[in-house]
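Take a look at this single chain, the form predicted alone, given in structure tokens.
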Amino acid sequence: MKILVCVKQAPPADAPIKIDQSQQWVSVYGHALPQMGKYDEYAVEQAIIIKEQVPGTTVDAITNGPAEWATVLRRALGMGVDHGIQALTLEGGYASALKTVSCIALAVRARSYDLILTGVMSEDLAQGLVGPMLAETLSFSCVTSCVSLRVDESRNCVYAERDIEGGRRQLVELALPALVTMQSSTNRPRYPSLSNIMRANSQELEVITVESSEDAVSCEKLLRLSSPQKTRSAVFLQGSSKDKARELLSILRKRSVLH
């Protein structure tokens, strides 16, 4: 069985973000080192679990971006991925979902993967588009927001468990080849061992120079980034508890919260 995991570089959640002078993307995230997105880590972990359960399974990881984004592939290799593929593009910064999908599809279309895993969304754009759009481009069956997977080789299918409304779970059967997007689950991403880190740092990555199609480039254009503006200020109530209660009641009535 051949599995592909799509991974992306992301800033740490607590890193300061500053819009650069071009207003097209954010500047370097202070002194914090970029890392793999948390949902991508769950996707890698699920792929490694399947590899341990199904003999003969191989797992590749792919990222799309400039050369310095190869750090996320090293992380995936350290977790247990067999092979890293970098779909190299000349520019970093913002890339539309369609452009990303176009580049990845060009790099993997002829590789005959049985299962592709992605995070449910990236941490920078949080759109949740790349997985379903890639499945449509490759004509794969697709299910999103899964928490666990089980492969049935005898039936050539995968069973995906996903969260739905009301705190319930839905079990979906997908014929292979399939694409699944992963969200947080009980399978906590493993920390790479020292031996795996050393192996990952010395392993050669496969680098493919790709360019998205003109349709992908022209379909969407980023105009500018801006920080949200403050629209209202906080009000601190003064006085005794009775005075504060009276003032709060007056505010709620003025805003038609209470009548």
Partner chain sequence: MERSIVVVAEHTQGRLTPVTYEAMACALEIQRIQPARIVTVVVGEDAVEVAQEAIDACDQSVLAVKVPGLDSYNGEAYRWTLSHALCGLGASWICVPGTTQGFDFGPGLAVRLGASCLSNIERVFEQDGQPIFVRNLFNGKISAELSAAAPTLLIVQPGSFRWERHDIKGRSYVEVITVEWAPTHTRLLGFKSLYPVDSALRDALVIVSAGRGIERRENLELIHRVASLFPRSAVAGSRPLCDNQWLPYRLQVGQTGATVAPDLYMACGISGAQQHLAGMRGSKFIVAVNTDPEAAIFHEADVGVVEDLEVFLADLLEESARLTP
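All values derive from a computational prediction rather than experimental measurement. Numbering follows the first chain given and starts at 1. The term rigid core refers to the maximal set of C-alpha atoms that superpose within 1.5 Å between the two forms.
Below, we refer to the form predicted in complex with its partner chain, which is not included among the displayed structures.
Put simply, Ser240 is close to its partner chain in the predicted bound form: some heavy atom of it is within 4.5 Å. Remark: Arg162 counts among the residues lining its partner chain in the predicted bound form, judged by a heavy atom distance of 4.5 Å or less.
Proximity of Ser154 to its partner chain in the predicted bound form: non-hydrogen atoms within 4.5 Å are absent; the residue sits far from the partner. In the predicted bound form, none of the heavy atoms of Val207 sits within 4.5 Å of a heavy atom of its partner chain.
The putative spot formed by Glu68, Ala105 and Arg199 is not touched by its partner chain in the predicted bound form; no residue has a non-hydrogen atom within 4.5 angstroms of it. Picking from 46-54, 191-199, 60-68, 220-228 the stretch near its partner chain in the predicted bound form, with a 4.5 Å limit on heavy atoms, gives 220-228. Although its partner chain is not shown here, in the predicted bound form the stretch 180-198 places heavy atoms of Gln183, Ser184, Ser185, Thr186, Arg188 within 4.5 Å of it, in sequence order. Core-superposed comparison between the shown form and the other one: CA of Glu247 displaced by 2 Å or more.
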